[in-house]
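Quick heads-up: it's one chain on its own, the form predicted on its own, in structure tokens.
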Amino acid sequence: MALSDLIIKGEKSIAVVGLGYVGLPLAVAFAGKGLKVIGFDISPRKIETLKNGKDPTDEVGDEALKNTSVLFTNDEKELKNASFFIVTVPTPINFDHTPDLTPVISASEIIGRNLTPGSVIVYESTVYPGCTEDTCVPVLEKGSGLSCGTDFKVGYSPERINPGDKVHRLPTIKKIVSGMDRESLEDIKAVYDFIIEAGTFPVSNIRTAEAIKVAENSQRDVNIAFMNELAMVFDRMGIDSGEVIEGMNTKWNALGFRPGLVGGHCIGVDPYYFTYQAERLGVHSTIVLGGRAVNDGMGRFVADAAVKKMKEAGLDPETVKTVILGLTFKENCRDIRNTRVVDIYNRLLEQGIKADICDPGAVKEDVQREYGIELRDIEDIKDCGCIIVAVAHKEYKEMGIEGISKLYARDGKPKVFIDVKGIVPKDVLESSGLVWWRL
């Protein structure tokens, strides 16, 4: 009997290794279908939080956690009871933009120590084409003493989770699946088909599946970089890029991309996995690296625009109280990984401006640990001279310009408003009395 049949019958268990924005929804989804699921993470603090029914990601919700049958654990010996492993650990980049494979290698070592014959390991973490077979498999073999292809098999299925998105959810996003041979592909496809309503899309080999992940995010990164470059040039021309985009999008074949800060665990990282492998093969990327250079510089551009507007208003940037609204890498989520709002904050610091930052979703302890920044509560913000809306959280949209204006000082001096995400319509800004700028 196929492994997938045994899993669906409840005779074999699935282990999800890494319980973040990708792994947690997967584990809960499989358990929700009645399958036996082990949710493993090396963080005792995270496991304790999950056992207490608290969802630190907001992706599945506290109620779903309280009712799930997932066995949450940081004891790797529990993994000996699993036969189908899904690796969902992060794959960040180093300071020099090279891949940091430490988490995925560590996960492979843990699985290897607890691997039993007949198992299948599927990687969802973003890697460059060839990494699963060339890097991860040897680690699995070394740790287990087993032979890949004979004693166990591997596959790759790139994650497509969009944090904070309540429309495009795990079950409704088509899943790319691949395996090292026909048997492993059929098992992997059958297991995912059990929870993915949109269905799976099998591809011929693991490297192709790996390439799809870096290609789709590199494409998006380049398109946003194009819009960012336009926005920077239009700014110098005195043209409102938001109005240009609204007009452009009236054409049937406009792509709908907008300028902005590009961070997070995917779009701001994955292109570097592609360019790393390309360079190793002797091919220098121009378009992808060019896009990365543009997007990596947008935080500085926004900060400089804010300083320029303060000076135009006759204010001293170093003495004006400046507040940044939003820190997470995108709106309506808690994820602070690789957020480029920090670039705005650091660029202001370089110019002698220490801004306060508020965010309704980010966890204060995580922000302090990751960036050394102390988050402020919006209730404590007052007497501002410059407000930068960096993330379009629903809370800030609901405040509108009237609510945001209550945060300014009542001292009769000009007030500066920087709208990075264009949450306030242009006509409203023009009648607001504020010195404003938007990306």
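A residue's number is simply how far along the shown sequence it sits, counting from 1. Just so we're clear, the structure is a prediction, and the values are computed from it rather than from any experiment.
Not pictured, yet referred to below: the form predicted together with a small molecule.
Within this chain, residue 91 lines the site of the small molecule in the predicted complex, having a heavy atom no more than 4.5 Å away. By the criterion of a heavy atom within 4.5 Å, residue 30 is excluded from the residues contacting the small molecule in the predicted complex. Contact annotation: residue 19 falls within 4.5 Å of the small molecule in the predicted complex, judged by heavy atom distances. Using a 4.5 Å cutoff between non-hydrogen atoms, residue 40 counts as a contact of the small molecule in the predicted complex. Contact annotation: of the candidates 180, 161, 320, 137, the single residue with a non-hydrogen atom within 4.5 angstroms of the small molecule in the predicted complex is 161. Interface residue among 357, 107, 122, 262 relative to the small molecule in the predicted complex, by the heavy atom within 4.5 Å criterion: 107. With the partner omitted here, the stretch from 141 to 149, 98 to 106, 201 to 209, 300 to 308 that lies within 4.5 Å of the small molecule by heavy atoms in the predicted complex is 98 to 106. Here the marked residues 46, 213 and 266 all reach the small molecule in the predicted complex, each with a heavy atom within 4.5 angstroms.
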